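Next up: a single chain in structure tokens, the form predicted on its own.
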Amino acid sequence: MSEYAQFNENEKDCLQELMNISYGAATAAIADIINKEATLSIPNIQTVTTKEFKDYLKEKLLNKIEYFITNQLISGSFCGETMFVIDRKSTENLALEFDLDEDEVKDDDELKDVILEISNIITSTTLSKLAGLIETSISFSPPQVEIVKNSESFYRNYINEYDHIIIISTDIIFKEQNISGELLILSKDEATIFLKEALNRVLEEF
């Protein structure tokens, strides 16, 4: 990644604060739907190469555990892709909160429908809020979902897509329902530079 596309500490702090606000709006939207309280971890921001992204996924996607992973393209000045990662047990617990019965939560197609709906709400709410805060506009493709059993097969889809990647991640936790998911935002250098310039405009206002 070019040096200009790296975040300095002030930019990183500013982005972290804006993401806190944005994720909070998404969590509130989901909490309203299932009428349960949720908490957020502090957003973690990293800039990585594709190799480092592979290591990140390898650490994230534990062996012998299945994950539902959605991806959704972002178009506009700040373009890229989002990923929502949630393990099967959390997915089943989330589906029960959406009033699926015990038989339905064993049906992968039913679970995929729930995750697609949740992912779409989290992504559109979070990114729309962020876009408003940095005074730009973006649009989204419909989300897609797949069930992943290891990082290798999943990582191959990204080798040629991104030279460098910003990982902005936070855990969304519904503690009593034992539900935990992570939202990742992936962007290319051009989008990162646009975001840096937008963050500096925000910083100049304070």
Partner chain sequence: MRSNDTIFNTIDNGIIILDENLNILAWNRWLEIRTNILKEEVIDKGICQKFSYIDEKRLKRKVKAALVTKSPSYYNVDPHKYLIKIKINSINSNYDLMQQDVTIVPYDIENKIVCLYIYDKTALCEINSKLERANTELVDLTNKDYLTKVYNRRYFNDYSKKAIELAKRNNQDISVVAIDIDRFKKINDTFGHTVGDEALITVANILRSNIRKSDIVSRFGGEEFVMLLNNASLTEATVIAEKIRVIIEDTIIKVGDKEIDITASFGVATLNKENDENISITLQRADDLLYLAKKHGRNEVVNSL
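Since the structure is predicted, the reported quantities are computational estimates derived from the model, not experimental observations. Positions refer to the first chain, counted from 1.
The same protein has a further form, the form predicted in complex with the partner chain, not shown here; the description that follows concerns it.
Using a 4.5 angstroms limit between non-hydrogen atoms, Ile121 touches the partner chain in the predicted bound form. Among residues of the shown chain, Ile34 is one whose heavy atoms approach the partner chain to within 4.5 Å in the predicted bound form. Using a 4.5 angstroms threshold between heavy atoms, Ser141 counts as touching the partner chain in the predicted bound form. At the 4.5 Å threshold, heavy atoms of Phe78 stay clear of the partner chain in the predicted bound form, well away from it. For the marked spot (Ala29, Lys112 and Glu117), a heavy atom within 4.5 Å of the partner chain in the predicted bound form is present in each of the three residues. The partner is absent here; in the predicted bound form, the one residue of Val145, Ala38, Ile167, Val148 having a heavy atom within 4.5 Å of the partner chain is Val145.
Residues Phe98, Asp99 are the members of 82 to 101 with a non-hydrogen atom no more than 4.5 angstroms from the partner chain in the predicted bound form.
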